[in-house]
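Have a look below at one chain only, the form predicted on its own, in structure tokens format.
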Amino acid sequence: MRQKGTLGWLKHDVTHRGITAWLLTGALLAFYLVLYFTDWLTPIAKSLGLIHKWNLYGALYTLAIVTGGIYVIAKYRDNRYQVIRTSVVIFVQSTLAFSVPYVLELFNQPAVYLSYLWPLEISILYPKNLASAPVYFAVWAVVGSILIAPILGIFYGKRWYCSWVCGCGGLANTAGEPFRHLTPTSQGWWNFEKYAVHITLVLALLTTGLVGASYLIGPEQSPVLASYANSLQSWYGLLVVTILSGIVGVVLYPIGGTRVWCRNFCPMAAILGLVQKFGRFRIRVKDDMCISCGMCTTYCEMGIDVREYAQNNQDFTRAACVGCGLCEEVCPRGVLHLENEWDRDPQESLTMGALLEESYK
């Protein structure tokens, strides 16, 4: 509901695609273009005692998560799950994603980001980077990406990472909280999402495999393979890492909702979403209690029509769901509940062949 007064108008306008929302989008776009394609921020960073512009960006990113996190904790202070989850997000970003790599750089050590795993951070499994990384980080990169991440996905769903650890999701669930209701829920967007996110995953797998093969065989023995690997690596870095993840993923908050990257393009989300379909996580629906208010669907940052499941008394596991728990929080009748249980309906069992078709239903 729009509040009276200038501040009330501004709050409504910026969170409902008004002129101020478009101006904010333009300002964010300008900032990211300057960040990625110029060195204009480097002098500012050094004047603040930072090493380079990425330290400045990390500080601003962390500040946004901390400030937004305090807002979210205050807003949902009666919800233990939201308070703990948001507190963990703030802690992970402040330490593993910012302070630890910054301190390592101060001591002339490689900056390692322990909160990012492959394929979200695709470069950590490139053989050249593994060979030059500290042993503890190389081990963590391989074991964390290939074993720990999917195993935790089976037991706790993708929420353990997407809503508790990941910096992209952390920004969405804190600073992006006022914009979560802008996420599109149409069938067209769902059709785009289920193809786009898996295409990005295939590109990540192909890029990693090609770069790895080129390194192991050697550029001298196979210059053509090395050329293709270098080209694909460069294009993936520009299109996926820089444009989709770095720019689009944040710039579109005020007009497109907070999880544009996570929902449509993140290869990590695609993998964990597929794993989630096999695992224990699901949303339980209490029978015959839904009043069709639509609050759950409105506040789903992944564009899932939660109300349809609630109306049909249908427990569900959607590959897109990040387990943020806001649908449960905003439901006025307590119809929804996030669970980790093995006792699934036999009709929900999926073969691998059916999984790819059904994963985003």
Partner chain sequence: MDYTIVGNGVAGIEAAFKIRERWGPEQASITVISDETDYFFSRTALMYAYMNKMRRRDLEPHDRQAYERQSIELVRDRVVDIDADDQSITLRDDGRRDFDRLLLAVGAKPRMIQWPGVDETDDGIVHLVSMQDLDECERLTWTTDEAVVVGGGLIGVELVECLRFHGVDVTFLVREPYFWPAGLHREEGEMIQQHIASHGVDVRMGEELAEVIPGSEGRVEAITTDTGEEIPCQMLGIAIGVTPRTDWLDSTTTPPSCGRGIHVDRSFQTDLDNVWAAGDCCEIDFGDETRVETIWYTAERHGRLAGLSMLGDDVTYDPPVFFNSSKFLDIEYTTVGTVADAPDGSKTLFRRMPDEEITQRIIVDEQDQVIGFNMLGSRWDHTILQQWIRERRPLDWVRDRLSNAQFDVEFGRVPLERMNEEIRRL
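Numbering follows the first chain given and starts at 1. None of the values given here were measured: they were computed from a predicted structure.
The same protein also has a form predicted together with the partner chain, omitted here; what follows describes it.
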Residue (of S47, Q314, T38, S292) lying close to the partner chain in the model of the complex, criterion heavy atoms within 4.5 Å
S292
What is the one choice in W118, F265, Y236, W164 with a heavy atom within 4.5 Å of the partner chain in the model of the complex?
W164
Could you tell me if D288 has a non-hydrogen atom within 4.5 Å of the partner chain in the model of the complex?
yes
My question is simply whether L182 lines the interface with the partner chain in the model of the complex - judged by any non-hydrogen atom within 4.5 Å.
yes
In the model of the complex, L338 touching the partner chain (heavy atom, 4.5 Å):
yes
Touches the partner chain in the model of the complex: F31 (any heavy atom, 4.5 Å):
no
Please tell me whether the candidate spot formed by N79, R159 and E308 is one where all three residues come within 4.5 Å of the partner chain in the model of the complex (heavy atoms).
yes
Pick from 48-56, 328-336, 65-73, 23-31: which stretch has a heavy atom within 4.5 Å of the partner chain in the model of the complex?
328-336
